[in-house]
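Consider the single chain below, provided in C-alpha cells and representing the form predicted on its own.
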C-alpha cells in the first residue's frame, strides 16, 4: 500500500486532503484513482488507512476507513554521530530512521574533516527522513537536530539512563557483555566518532561526563559501518526491532 505524508490539519472529520508534492506523486507518478487504498501518516504517530474518493490536478480527497496509533519503542535510543565525509551522513540519516532510532544528533569532534552548519544539508536530511518514513512505514519521523560541538554533545547526554561512547581503543569493555546483565533502561545515548575516531582526550572528557567507553569488536570498522552496526545491535538488544 502506498504511503503519503500529510499535515495534521489536513484531516477534517473522516476526510483527508492530500496536496502539494504528495498529491502530484499520487496522481502523476503512481497514477492512483478513486477506489485505491492509501496509508497516511502525519508525523505524530497516527496512522490512517484511507480510500481515494476524488483525484484532481491540485489535490486528492480520501476517506478514512481505519485509524491506529504507533506504539512507542521500549527504549528510546539516541545516536550522537560525528560528521562524516561525502554522502555518508545522508546514508546514516536514512538507515537510522529505518532502524527506528529516536534522534540522530550530528556533531563536530577533533578529527572531523567536515565542519559545516549548512542549513541546506539540514533540510536535505529532513527530506531524507520523510522519504524514508514512506518507504519503511515509520509513523513518527526520527529527529535530526542542528549540528553541535563535542562539548554540546556531552551536555546533551545528562538526561539519558545509559550513555556509551564507541572507541576502537577500548580493550576491557565490549558491547555484548555490557548489555547482557544490565538493568532495564528507558533512554540510551551512544556517541560514534568520525573517520579518524575519537581522541584520547575526548574519551576522557566523555568518561568524566558519565559515558562508558565501549568496543564494538576486535575489527576496526569504517565509521559508517560502525555506526550502522551499533544502531542495529542496540535496537535489537532493547527489543525495538520486534
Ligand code: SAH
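Residue numbers count along the first chain shown, from 1. Because the structure is a prediction, the values reported are computed rather than measured.
What follows is about the form predicted together with the ligand, which we do not show.
At the 4.5 Å threshold, heavy atoms of residue 195 reach the ligand in the model of the complex. The shortest heavy atom separation between residue 52 and the ligand in the model of the complex exceeds 4.5 Å. When the ligand is considered in the model of the complex, residue 11 lies well away from it, no heavy atom lying within 4.5 Å. When the ligand is considered in the model of the complex, residue 16 lies well away from it, no heavy atom lying within 4.5 Å.
Heavy atoms within 4.5 Å of the ligand in the model of the complex are found in exactly one of 23-31, 65-73, 196-204, 36-44, that being 196-204. Listed residues 126, 113, 149, 168 were compared with the ligand in the model of the complex; 168 is the one with a heavy atom within 4.5 Å.
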